[in-house]
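Only one chain comes next, encoded as structure tokens, the form predicted on its own.
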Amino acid sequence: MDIFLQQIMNGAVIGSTYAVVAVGFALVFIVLRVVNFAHPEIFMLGMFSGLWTALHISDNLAVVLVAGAIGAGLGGLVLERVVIRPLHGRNMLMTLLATLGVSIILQNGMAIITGPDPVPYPTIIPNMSVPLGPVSLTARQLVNFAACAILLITASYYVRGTKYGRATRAVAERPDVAAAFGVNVSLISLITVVFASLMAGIAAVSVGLLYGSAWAFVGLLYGLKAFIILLVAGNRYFEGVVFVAIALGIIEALITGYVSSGMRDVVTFTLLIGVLYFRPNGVFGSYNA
């Protein structure tokens, strides 16, 4: 039983990161109706921004997290103004291909700068074990989970409890009606992309600290799974995306612990595809259904 609970906790830590990236995907999609395939590389930019700051400016945890957020936020700002906004309102495929192109450029550009192999992250958080009843987590896992949980709570409050969040929900439901009632749709779109990028940057730094490395192609893993989580959950309910992400992390951890790490992705993707077969609009529904 202790091993089972340990795998549940490990999976929750992994799933919380998936949730942050998937929520970023969802926010951009429901507001702009854009599949932003460059979002995982914004995540990667945040990871390397934190790494550069830790190596050259300060290895204080708060400073490194803020640096990751700033790096990713600036990347999201440039992406929205230069790529997404000029193509907004045209065929969705054009924006999808454009952001995919940006993703490839960022991946390979960072690989040229840092090399194709993972780069070590400074040891800012000691890799000590913290007992939690019958299970234990490392200090790095706790920081990662706490950072992601705070981000998700912040996102929930932003969407439901702030002026711009309510405007975001209005644009998600009916952008034409929202514009008619005075909502600045372009501003909301920019804020949404930057906000999702800030979240991704902080999560990316916590992942870099957790695994002790940064990698130019890290977005491939998190981006693909986050996108599929969005498809399975649907984009109508924030909590639905988080639930599916946490569930995916737990399933992966259980398969790794009880079956084989090599079977992890095979089983999880099979399950996700099976869900989409029966619920093509997502388990919790979608705005574009």
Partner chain sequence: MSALLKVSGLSVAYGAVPAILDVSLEMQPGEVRVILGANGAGKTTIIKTLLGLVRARSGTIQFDGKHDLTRLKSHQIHQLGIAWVPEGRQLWGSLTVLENLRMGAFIEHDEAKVEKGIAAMFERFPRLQERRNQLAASLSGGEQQMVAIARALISKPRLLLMDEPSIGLAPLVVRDIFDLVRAINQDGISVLMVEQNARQALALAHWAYLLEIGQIVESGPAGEISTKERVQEVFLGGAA
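Numbering follows the first chain given and starts at 1. Treat the numbers as computed from the prediction; the structure is a model and nothing was measured.
As for the form predicted together with the partner chain, it is not shown, yet the points below apply to it.
- Contact check for residue 177: a heavy atom falls within 4.5 Å of the partner chain in the predicted complex.
- The partner chain is not drawn, but in the predicted complex it has a heavy atom within 4.5 Å of residue 169.
- Though the partner is left out of this view, residue 183 does reach within 4.5 Å of the partner chain in the predicted complex, counting heavy atoms only.
- With a 4.5 Å cutoff on heavy atoms, residue 117 does not count as touching the partner chain in the predicted complex; it lies far away.
- Picking from 67-75, 97-105, 189-197, 160-168 the stretch near the partner chain in the predicted complex, with a 4.5 Å limit on heavy atoms, gives 160-168.
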